[in-house]
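Below, in structure tokens: the form predicted alone, a single chain.
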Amino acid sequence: MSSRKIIKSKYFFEEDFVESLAEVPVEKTEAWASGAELKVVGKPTQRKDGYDKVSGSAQYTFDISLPKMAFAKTLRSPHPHARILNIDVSKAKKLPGVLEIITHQNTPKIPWYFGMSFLFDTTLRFEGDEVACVAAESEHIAEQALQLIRVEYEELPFTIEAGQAMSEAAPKIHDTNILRGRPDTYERGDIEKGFAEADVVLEETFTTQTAVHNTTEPHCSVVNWDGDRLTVWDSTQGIFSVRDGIADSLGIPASHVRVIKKYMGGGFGSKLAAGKYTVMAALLAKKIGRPVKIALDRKEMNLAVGNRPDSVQKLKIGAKKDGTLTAMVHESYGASGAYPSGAACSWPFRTIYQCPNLNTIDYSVYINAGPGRPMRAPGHVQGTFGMDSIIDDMAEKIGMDPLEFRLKNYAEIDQVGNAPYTSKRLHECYQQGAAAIGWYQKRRPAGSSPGKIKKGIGMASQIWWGGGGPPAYATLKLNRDGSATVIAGTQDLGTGTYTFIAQVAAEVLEIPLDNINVILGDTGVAPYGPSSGGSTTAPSISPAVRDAAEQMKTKLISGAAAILEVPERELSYRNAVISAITDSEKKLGISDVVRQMRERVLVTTGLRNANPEGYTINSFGAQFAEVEVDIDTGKIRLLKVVAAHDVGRILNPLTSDNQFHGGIIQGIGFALMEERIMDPMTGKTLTTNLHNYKVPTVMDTPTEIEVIIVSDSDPLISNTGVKGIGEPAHIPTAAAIANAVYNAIGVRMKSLPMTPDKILHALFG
């Protein structure tokens, strides 16, 4: 086993920097070199789980069925803000088939939302807040029972708009309506001096909407007690975070909770933490002595399990006539919902373009609506829309091409951390993306496209973290027959984790992919792995898998040396055969080594190395969009999107393309149609199903999506040189489309989504 040490690890995860103690190897495995010709990694590889999914045999949490399983449903608040005066469950309990009902009256006060609420709270702060939970013989009976529960509410004043909630006169959702009681701020340089040096100053306000994750698979848990030990099948992005959250809530050791998740149908950030529904199901299961399944319906998913906060962004930038940015100010506020969740959106503004004088202020504001949660690049999607819109406006104002303006203000180092990047190839993203879209051939003055169907092209930049980090482990077991099993405590969200783990192991051990089994998503058998969010899965886990495989190769060579009586330095490893360099007759296959070592299974555990000190890890990219806008109907049609990105080494081009296409399509939804709409008079959400809450279909996707990866590795990060790709494709999509729409019609759209009515209003008033 390689020597190890404990370090303090820090990397960005979703909404903030995460700091923890992590075990890392002292002797790091040398990184695969940039441009290295690998045999399996980097090659298009069919998903190992592909057959299960296309055949319907893949078992999702929703598919779990246990003997004597009961079903649970939740009674939720019909009011945006209310106090429970009385609950009467007597009629509901008499309904045949009802097994148990829990409310605040018969449930311990379990703290929730950082102690700002309870599992069942007598103060309800949004429509959909939990009031009671019923376990019954069937889901239908549980739903019937909900109708029989009588609740007396005292309705309270409410606010559902962040700007109003910031005023002194607004109803208070907590002691203050501002998260942490203060804004998040950042500044550098001298703003007044910067604007004094500017030849042109622009000020604009941009707004973005609240968007809901609306995953295909609903939030769902199946729970079962075996004595004092709890097994939870959960649709989650973080098996260990759910395990620890449930254990903390129930006051039991984490070792008594096992969380299992093999497949899931999307998360996008909404499934990173334990849900109230899981804890309620566990409490019910304990009371009735039977397994309990709880699955949220589409309305509940639109009300209660997260959203991307909205934003109001007041931006001001100054530039010289030659295009040099001299000062930038970003002031924003957004609704975090009824409980703590960040709504800051200024991170891209702080660092992607070179500017010595910069201030940002972000307010996260409580309102009477469902709590926000991280959603695929939290903050960056909103912030990039505002930032890259005003950047385009400034370029036009001083008479520069938008691409040339970005190149003029290219930042070589991280301006926030004052550190170099481990790698940055944004320049190549600009060049190759522009060539693919035909930037210089197709771009014409804004609004000059003839006819009623006007064409335009636009672009936007992206920056994200996605470097991952420790702690992350992977265990490798090599069997006597030469097959291997890799066990990791991470999870596959549908992004191809099963496949790339097998590829990394196969690359090192040089055994067929079909001979490698991968086990993920089970806290009961796996070493620790991080949650899957923030584009951290592949860059965290793939180095640990490679470390385990390299240790296994070393162990095999050592064993072969003893068996063959040949020094290790005189042995070679090729195609899973270990041979003496000077005597080709002396050789052993890896299965022979395991047998002759009298081992049934050889085991190694690999670790993710520490991130390099003194560097900043970011991914970069540029996206270009070509659109048509029908000025008679206001309809926007996407013709082509080009996504050029610097994301380190690509482990599998097939699954990475899937990720980029999915991110772009989700970005199209944010740009053109997705929006949670609430009634200001009642505080109720009006878009609680997929009929009213519009998401893109195949008819809304571009005729062509072209993905260009300009990077081949980032060897400073880890032994695999991988950056994450989950977020980057989503970040610049809406901004690029908005800039293309401006180029087509000559009118700046400052509010998302860009629906036909907004287009027509902008054009004709």
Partner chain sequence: MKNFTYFQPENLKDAAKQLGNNWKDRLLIAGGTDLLGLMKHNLERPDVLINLKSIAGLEKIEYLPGKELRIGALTKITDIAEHPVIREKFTALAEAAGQVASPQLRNMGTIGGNICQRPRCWYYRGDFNCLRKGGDICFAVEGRNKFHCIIGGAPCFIVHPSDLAVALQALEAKLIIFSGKKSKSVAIKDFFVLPDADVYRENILKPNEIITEIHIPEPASGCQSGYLKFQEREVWDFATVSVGVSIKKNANFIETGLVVFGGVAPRPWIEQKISQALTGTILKENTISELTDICLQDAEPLEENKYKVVLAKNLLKNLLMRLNNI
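Quick caveat: nothing in here was measured; it's all calculated off a predicted structure. Positions refer to the first chain, counted from 1.
Unshown form predicted in complex with its partner chain; subsequent notes refer to it.
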Legend entry - Options 45-53, 718-726, 694-702, 32-40; stretch whose heavy atom lies within 4.5 Å of its partner chain in the predicted bound form: 694-702
Legend entry - Non-hydrogen atom contact M681 with its partner chain in the predicted bound form at 4.5 angstroms: yes
Inset, instruction - Answer with yes or no whether I581 is in contact with its partner chain in the predicted bound form, where contact means some heavy atom within 4.5 Å. - result: no
Inset, instruction - Look up in the predicted bound form whether E412 has a non-hydrogen atom within 4.5 angstroms of its partner chain, and give yes or no. - result: no
Inset, instruction - Tell me, yes or no, whether E143 is in contact with its partner chain in the predicted bound form, where a contact means a heavy atom of each within 4.5 Å. - result: yes
Inset, instruction - Identify which of L119, A170, M673, V257 has a heavy atom within 4.5 Å of its partner chain in the predicted bound form; exactly one of them does. - result: M673
Inset, instruction - Scan L85, A562, L690, V601 and let me know which has any heavy atom within 4.5 Å of its partner chain in the predicted bound form. - result: L690
Inset, instruction - Note that its partner chain is not shown here; using its position in the predicted bound form, name the residues of 105-119 with a heavy atom within 4.5 Å of it, in sequence order. - result: none
